[in-house]
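So this first bit is one chain, no partners, the form predicted alone, shown in structure tokens.
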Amino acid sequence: MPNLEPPAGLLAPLDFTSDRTWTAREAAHLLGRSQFGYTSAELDLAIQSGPAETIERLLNTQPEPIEFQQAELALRKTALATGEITDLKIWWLYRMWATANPLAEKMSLLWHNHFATSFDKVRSVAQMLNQNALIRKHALGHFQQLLHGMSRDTAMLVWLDGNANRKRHPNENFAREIMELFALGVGNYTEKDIQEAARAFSGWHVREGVFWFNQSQHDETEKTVFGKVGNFDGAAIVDLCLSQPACPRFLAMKLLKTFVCSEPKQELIEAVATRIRLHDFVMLPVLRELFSSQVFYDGANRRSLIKSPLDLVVGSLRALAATVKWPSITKLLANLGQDVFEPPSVKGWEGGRLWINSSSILLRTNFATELASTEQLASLRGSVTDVASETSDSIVAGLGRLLMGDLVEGELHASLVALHQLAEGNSLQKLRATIQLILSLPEYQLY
């Protein structure tokens, strides 16, 4: 049995009873990283519940409201009926915004980017939906099962030319990507490993929209991969990849860059990789330890990640919007460079500093203006607009707490109070102007 003692060192849990007080800042940091923004009610609940209970609520499936279930089902049926990828995008964006299980959606996006597959080539809404369902099923579970599932996923096989992989003319696309992008990372395999693995995946085809093992096109001769010799098939290659020391390190890097910091140090990568191995590649306990750790709440890692377009847009909508005009949001996200179900390449969205340039900054500022000042993208929640008649100080404090976790303070708080007082129009217009200012802050582009 593996040693599952609590992690030590960099991943040692933070004791909120003695080391630090659990406040709105800590709660907002946890929610901001683990989901797409948060509502005022979610923040209040997290503060009241404390870190341990909040983390368990994030990790464990919560019942979805009946309204969500009905709307989600209707949007899914519409996408399948029309065959339009825009309708499928709306379905997923709605899930991100309205679900009671936002971490599952955040992890599903992580794996969607990890196993980047685009409708542009697959051309089947049903296959893209099935892949998304596979990802969500294993998003917090066994990475082994997810990787094995992806090796037989029809959208993936179409995307990486599975039908072209025949025993006399092996196609190396999937074998290369499973090593380079899905399991190991560059430098942890040889070209010979790829060539031999491609033979093992020969005959893994798609016929009439489903996986088909075409035995007549499968190479059943001996192969040598990672120094091991055998009559390997595709499943054996997946297991060989999972057994390589590079695999948990590769996944650790992915988790850390998504949830903790943009450039994790090697010792932190190794620490998380060790926990991944000990937990047998099950993501849920690894995330529990990560979200409880000292390094997760370290001041150097706070407001250190640039929000992706989805984190910015869906996070803002989750905090502020009562209703959303999803066709407009899908166009906006495409313009901002994060078009779900249509990643730019097999490498997905590289993110980080690449999210910010002169064009995207203008688009982000325009988004702030449209969301705060018009009804073109969404209507604001009543709980947001109801405070319009309060004092400038309380309005800025409330918006700062909701949108930035109490990080609007000092000179920034005073400046926003003064600008609220100077804003033209009635109390609601002044409130909207203040929301626009906060959404446009450089600090708001970080989380």
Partner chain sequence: MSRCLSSILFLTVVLGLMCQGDARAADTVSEGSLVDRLPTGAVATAEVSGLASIIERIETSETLKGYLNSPLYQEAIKTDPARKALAGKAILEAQLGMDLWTIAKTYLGDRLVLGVYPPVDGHQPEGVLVIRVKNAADLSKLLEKLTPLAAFAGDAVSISDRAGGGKAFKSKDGNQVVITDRWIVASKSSELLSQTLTNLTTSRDSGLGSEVSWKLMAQQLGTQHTVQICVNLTKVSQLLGKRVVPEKLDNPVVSLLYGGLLEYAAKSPYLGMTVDISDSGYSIQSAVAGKVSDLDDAHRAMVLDPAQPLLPMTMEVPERLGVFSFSRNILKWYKAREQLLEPKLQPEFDKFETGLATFLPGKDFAEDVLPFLTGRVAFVSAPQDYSYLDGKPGVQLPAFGLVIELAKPTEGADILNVVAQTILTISNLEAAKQKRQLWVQSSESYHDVQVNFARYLQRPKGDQLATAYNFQPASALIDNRFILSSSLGLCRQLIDAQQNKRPVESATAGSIPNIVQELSPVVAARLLEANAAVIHAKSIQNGKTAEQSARELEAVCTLLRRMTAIHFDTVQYADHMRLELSGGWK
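Remember, predicted model here, so these are calculated numbers, not experimental data. Residue numbers count along the first chain shown, from 1.
Beyond what is shown, the protein has a form predicted together with its partner chain; the following relates to that form.
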- prompt: Any of the heavy atoms of W326 lying within 4.5 Å of its partner chain in the predicted complex?
  reply: yes
message: Please tell me whether any heavy atom belonging to I178 falls inside 4.5 Å of a heavy atom of its partner chain, as the geometry stands in the predicted complex.
response: no
query: Hey, in the predicted complex, is I90 touching its partner chain, heavy atoms inside 4.5 Å?
result: yes
- prompt: Contact between T82 and its partner chain in the predicted complex at 4.5 Å, heavy atoms?
  reply: yes
field: Residue stretch of 119-127, 137-145, 313-321, 227-235 approaching its partner chain in the predicted complex, non-hydrogen atom distance within 4.5 Å
entry: 119-127
- request: Check each of L284, M253, I194, L75 and return the one that places a heavy atom within 4.5 angstroms of its partner chain in the predicted complex.
  value: L75
task: Please pick, from E67, D386, E409, E53, the one residue with any non-hydrogen atom lying within 4.5 angstroms of its partner chain in the predicted complex.
output: E67
query: If you look in the predicted complex, which residues in 140-169 sit within 4.5 Å of its partner chain (heavy atoms)?
result: V158
